[in-house]
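Just the one chain here, the form predicted on its own, laid out as structure tokens.
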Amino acid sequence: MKKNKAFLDRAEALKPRLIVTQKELSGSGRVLKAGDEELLDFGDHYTGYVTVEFESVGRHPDAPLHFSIIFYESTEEFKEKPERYHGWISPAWIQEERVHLDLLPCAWRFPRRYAFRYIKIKILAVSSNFSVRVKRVGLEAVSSADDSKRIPFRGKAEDERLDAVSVRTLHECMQEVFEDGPKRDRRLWLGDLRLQALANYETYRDFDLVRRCLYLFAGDTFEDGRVANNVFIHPEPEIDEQYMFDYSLFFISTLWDYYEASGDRETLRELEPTAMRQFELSKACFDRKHVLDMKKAGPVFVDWHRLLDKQASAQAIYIYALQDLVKLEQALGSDTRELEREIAAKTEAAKKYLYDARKKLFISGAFRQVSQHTQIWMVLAGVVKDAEARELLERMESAAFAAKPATPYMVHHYIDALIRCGEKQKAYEKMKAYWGAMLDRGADTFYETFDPARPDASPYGGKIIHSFCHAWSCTPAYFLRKYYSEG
């Protein structure tokens, strides 16, 4: 790993102060014996530290109180028991604790931070000589998002709930960095950061937090200068030992978006070499026909879709990122002719080798897979434009065999593609339908994965491990405020 101490020091200097909000609920007053449960509802999603206060009822306690507590983000988690989860993500992320209390009354503060709306307390064991009551549950909710500085929503009244839940999702993920999710994985991911930052520019406008995250990515890279896909923050910044071709390129776009929103030329100039290095490394991953070689590119994300061929999407993302790099370099007065030739070559190759003239759709990989992902990214990259782009997206929608987005992350890009090719009303309707389906299920914050046709499906093997508050789902606030505001 290659560390840049100056960049990491800048990131540390930009570390935000967490704003603490106190909230407290009284217990139900019920007398609880072994096997009894108490469910508390905090009324909204919160991220923070919990204190539970118990008191004894009856004779003097002659044994410890043994209880369990489970924190739920959504009622959808109620259906599953922690011990029955056998998915591929570590069950250590399940928000459950078991505690012994030797003395009562007692106020027990959990040292670990939790993300939740609901809390279920179950009495596992007490002596037959006494019972207990939950006297109160206190919460110290934390976020670096300052609601006093949030820009008011000026859209349609019917969209207020959609905006509010989007903003709440962003708020809960704004901690010492833009976390991908306050429940899981609780770290800085580049794909999530890019979308969070866009929503942030329309809501909290916390430029320092975006800048801190950019310096963290630039301050700790692989030896060749490639940006990692995610960064651990504690006990000190350290990158994960993996990268994704598309995520490293999104450093370019995230930096450009930041400059466009903030006008911070100093940061742009200082981080430009990191952005340029992502281009240099990615450029080497193409064959002589200017088509991406997936063996050289390595892992690519695009979307949570197990059967998705990602070659064509990744080629389009390369073109997309280079277009942002051109704007970045032009802002610094640099010569962009090489970049423009590279964009032209890769665009021509996409049209020549990745387009099926019979199907009139772009294809991907050796098996010529058709996916909505590929068509969406070809539109975003400007490989097709205007009427041609609109017609491509229409054909995509009617192609029943095409692989479809599996996450709000990819649906965001679909909405963006519709807007870019002039389908603003259609984009609005699609956004309302997709995120509105989560609202109809009672969402307080928006989910990591969601398929309206299969709302109970899980790519992880269980909904109890899901992140029901996830960063890349916050962008309706971005779209509503940027494109549909009435103020």
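The model shown is predicted, which means the values in this text are computed figures rather than measured ones. Residue indices: 1-based, along the sequence shown.
Form predicted in complex with a further copy of the same chain: not shown, discussed below.
Note that among 64-72, 38-46, 416-424, 455-463, the stretch whose heavy atoms approach a further copy of the same chain to within 4.5 Å in the predicted bound form is 64-72. Contact between Ser262 and a further copy of the same chain in the predicted bound form is not found at the 4.5 Å heavy atom cutoff.
With a 4.5 Å cutoff on heavy atoms, Ser127 counts as touching a further copy of the same chain in the predicted bound form.
Of the heavy atoms in Pro235, some are within 4.5 Å of a further copy of the same chain in the predicted bound form.
Although the partner is absent from this view, Pro111 contacts a further copy of the same chain in the predicted bound form, with a non-hydrogen atom inside 4.5 angstroms.
Among the residues Leu104, Ile123, Leu268, Ala406, the one placing a heavy atom within 4.5 Å of a further copy of the same chain in the predicted bound form is Leu104. With the partner omitted from this view, the residue of Glu97, Asp208, Glu160, Asp147 that lies near a further copy of the same chain in the predicted bound form is Glu97 [heavy atom within 4.5 Å]. In the predicted bound form, a further copy of the same chain lies within 4.5 angstroms of at least one heavy atom of each of the following residues of 177-210: Arg186, Arg187, in sequence order.
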